[in-house]
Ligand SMILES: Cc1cc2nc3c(=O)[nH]c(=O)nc-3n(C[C@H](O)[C@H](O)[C@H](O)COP(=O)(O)OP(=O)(O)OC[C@H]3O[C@@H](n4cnc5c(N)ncnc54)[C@H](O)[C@@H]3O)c2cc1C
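The data below hold one chain only, encoded as structure tokens and taken in the form predicted alone.
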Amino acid sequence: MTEPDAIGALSAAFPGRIRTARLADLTTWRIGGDASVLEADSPGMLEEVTGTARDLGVRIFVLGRGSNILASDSGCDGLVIRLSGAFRRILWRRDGDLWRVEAGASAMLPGLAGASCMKGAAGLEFAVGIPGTVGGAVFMNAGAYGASISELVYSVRYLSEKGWVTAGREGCGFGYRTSAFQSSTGIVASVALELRAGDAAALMESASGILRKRRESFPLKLPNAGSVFRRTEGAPPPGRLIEEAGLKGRRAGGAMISDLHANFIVNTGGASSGDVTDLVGDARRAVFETSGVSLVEEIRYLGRFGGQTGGR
């Protein structure tokens, strides 16, 4: 069965649920062509959709807010799934000196961090300005300012090809900006966090300071996907290496290596996925030539790039 035929069969199985959408409208870089998109609003629906897609041979990519995604201008084959409804729920429970929080994968991370501070639940202050979902944060082990989501995770519930699984922190394979979910077909549905009790006023002040620092340090006024490259152990930060290689402000079409922070590539207007990949390649080559460091992307690719298909 061809890809279009398989998508057609999937659409027939879930009438009215699959639509064609521009990935540029679903990603923070505001780049990307068309894709078949379905919103799953309950665990039961997610299980049914993924099972049917698997039977039909349809490739699946689960997309949160799209804050670390470069989508191809030629679009994406397969099915893009976005989680909604029940996956947005957040449940709070105070247990002595701990706050126990269960958050759905599509709950927004900044909102959860802000609510934590207001309740006097400490640990998520670093995340107040990270524009992603809870599921995406677990998938990428998101972090900032020396902290990461993995330090707070008690367990993660996810859908595997064999059914529902709940894994403790040790079973999630967390590392620097990585998790076991990046190399598996498991779909994160919810996460249970343990936060220590703290002073709400002090936490809100700390979070406000972090937000001010982000606004001063990062190019937040133009569409971007956050940090493009991961930090290499034992090496200076990627932004410094790119700046020292003389690429700050380098342009390719509508894309530019930010003149505020060189580990950000911004869309100045009408940037294509090819413009961004050109700058990614320029940065990797220049940094290796000037410092010997091989930069590795933190961003993920969705769609067709150079004849290859990215995404999961």
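Note that residue numbering begins at 1 and tracks the sequence as displayed. Just so it is clear, the structure is predicted and the values come from calculations on it, not from any experiment.
Another form exists, predicted together with the named molecule; not displayed. Remarks below refer to it.
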| item | value |
| --- | --- |
| Listed residue that, although the named molecule is not shown, lies within 4.5 Å of it in the model of the complex (heavy atoms), from I187, C172, A113, C76 | I187 |
| Position in contact with the named molecule when the complex is considered in the model of the complex, options G85, P236, P131, G120, heavy atoms within 4.5 Å | P131 |
| All of L10, R22 and G303 within 4.5 Å of the named molecule in the model of the complex, heavy atom check | no |
| Segment that reaches the named molecule in the model of the complex - one of 236 to 244, 194 to 202, 95 to 103, 137 to 145, heavy atoms within 4.5 Å | 137 to 145 |
| Close approach of N267 to the named molecule in the model of the complex, 4.5 Å, heavy atom | no |
| is_contact(L63, the named molecule) in the model of the complex, heavy atom dist at most 4.5 Å | yes |
| In the model of the complex, L38 touching the named molecule (heavy atom, 4.5 Å) | no |
| Close approach of E297 to the named molecule in the model of the complex, 4.5 Å, heavy atom | no |
| Sequence-ordered residues of 223 to 240 touching the named molecule in the model of the complex, heavy atom within 4.5 Å | N224, A225, G226 |
